[in-house]
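The chain below stands alone and is given as C-alpha cells, in the form predicted on its own.
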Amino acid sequence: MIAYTWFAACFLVAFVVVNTGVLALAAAEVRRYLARASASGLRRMLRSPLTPAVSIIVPAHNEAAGIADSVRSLLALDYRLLEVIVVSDGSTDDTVGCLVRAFDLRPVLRPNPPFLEYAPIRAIYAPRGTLRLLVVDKENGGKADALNAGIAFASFPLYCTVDADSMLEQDALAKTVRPFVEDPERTVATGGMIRIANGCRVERGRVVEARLPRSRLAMFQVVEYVRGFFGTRTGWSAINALLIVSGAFGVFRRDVVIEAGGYRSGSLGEDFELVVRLHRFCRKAGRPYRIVYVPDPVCWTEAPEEARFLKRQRRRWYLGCVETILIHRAMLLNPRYGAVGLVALPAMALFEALGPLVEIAGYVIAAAAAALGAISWPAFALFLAICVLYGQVLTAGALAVEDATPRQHPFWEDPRRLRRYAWLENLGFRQRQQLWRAASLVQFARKRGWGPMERKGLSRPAVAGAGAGGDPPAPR
C-alpha cells in the first residue's frame, strides 16, 4: 500500500509537470500562429500558381448514407487545384452505386500503380466530364490498405485524408496546406482541428449552424476533443513532437509517405503509427522536417451517441496506441529522436498506455485498504480532489487557448453547460472508459478491422438526443 501510494504520487506529479508544460507551449504556439496568419495571405496563397495541388483521399466502408454529400462538399472546397479519390474498401452496401448515380460515373481502365501494396482492385470509376473525381472499388483490406490504394492512385504531390463521415470548413484545406507553402522543404505532415457535428444543422455536407449536441455522451466527447486538440496537440507541435495527425483530417507529402512505406496494413491505429514512423524515418535519414498541428482549420465529424459504439472506438484507439508504442519501442528515451523519443513518446506510454491500469489499480487498492482499515479517508479524498481539480485546470486552459483562435461559428452558446460536463465526466464517464481500455488488453492478439460503426448521415437537421440512449480520450 505504501509503495503504491508513493508511485501514485510520483505519477501525478509527472502528469502535472508534463501537461502543464504542454499547455503553456500550446498558448505560446497559438499566439505565434495568430501573429503570422492573415486572411489576405490566405487569399494570395489560393490565387498563386505555386500553391501545391492536393489529392483528397476518402476511405469508405459502407458509407452509402452520406457519401454523395460528403464528396460534393469536398469538390466545392475553396482551393486552387484538387482531386477527390474515394476508395470503397470492400463495401457491401450501395456506397459505389450512390456515387455512380450522383456523379454520372463510368468504369475506366487504369493501371495499378506499384508504389504501395493494397488489396485487389475490383473496378475504377471516373466522371464523363472534367470533374476531378475518381472512385476506386477494391477488396476489403482495412482502412490502412484503403489509404495506401488512394495514395497509389493520387496524382498530386500532397494528399489529404478525410473520413467519409467528416466535413471540412470551406477554407480548412487551404489553412492546413499553408505550412507546406511557408516551408516546403521541411514540412511533411499537417493536421487540423476536429469538432463534433452532433447537434449541428447540416445541409448537403456543410455545417450551416453550429450547436452543442443534445446527447450527453456526445457532450462528454466535445470536452475531450477541445482538451485533446487545443491543450495537447498544439503544445506538442510547438517542439516538433506531435505524434498524431488525425485520420479524420490530415495532409501529407506523398513522396515522403511512400518512401517511408505507406500505412501499416492491419494496424489498429494507422494514423498514429504512420506519424511516429515519419518521425523515425526522417530522424534516421538526417533530414530536417516538421510535422505541424494547425489550430484554426476545422473538420466536423460524427461522434458515437451510443455506449456500444463509443466502447468499440475507444478500445480500438487504445490498442492502436499500445501497438504503436511496442512497434517503435526503440525510440523510447532515445536521444537520437529528440523531443519525440525523450518526452512525447514516453509521456504517451506512461499516461495513455499505462494510465488506465494505474487508475484501475488505484481504485482496487483503495477499496481493499478501506476494507482493512488501512487508509486515511481525508487524505484519500484530498488526493482525488486534487486530481479532479487539475483536470478542470487543463480543460479551462484548453478552452482559453481555443478562445484565442479565430472562430467562424458561435459554437459555445452555453459555456456553463460545457463546464458542467467537464466536471461530470469524472463521475463515471472517465472510469468507464478506463475499464474499457484495461479490459481490451486481453484482446490485443485479436486484431480487428474498422468494426461496424453507427452511420446516421449528418446531412439533415439533428434530432434532439438522437441515439443518446440515456447515457451520460485522448482524442484521435
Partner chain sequence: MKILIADDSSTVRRLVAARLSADGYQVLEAADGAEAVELARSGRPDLLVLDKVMPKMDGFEVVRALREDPRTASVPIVMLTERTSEQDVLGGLGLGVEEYMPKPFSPLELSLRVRRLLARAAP
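The structure presented is a predicted model; accordingly, all values stated were derived computationally and were not measured. Numbering follows the first chain given and starts at 1.
There is also a form predicted together with the partner chain; it is not shown, and the following applies to it.
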Which of 355 to 363, 330 to 338, 241 to 249, 124 to 132 sits within 4.5 Å of the partner chain in the model of the complex, heavy atom basis: 124 to 132
Heavy atom within 4.5 Å of the partner chain in the model of the complex - the one residue of A374, A285, A367, V208 that qualifies: V208
Of L350, V256, A76, V343, the one that lies within 4.5 Å of the partner chain in the model of the complex (heavy atoms): A76
Contact flag, Q170 vs the partner chain in the model of the complex, heavy atom cut 4.5 Å: yes
Heavy atom of L81 within 4.5 Å of the partner chain in the model of the complex: yes
Heavy atom of D94 within 4.5 Å of the partner chain in the model of the complex: no
is_contact(R216, the partner chain) in the model of the complex, heavy atom dist at most 4.5 Å: no
In the model of the complex, residues of 45 to 64 near the partner chain [heavy atom within 4.5 Å]: R47
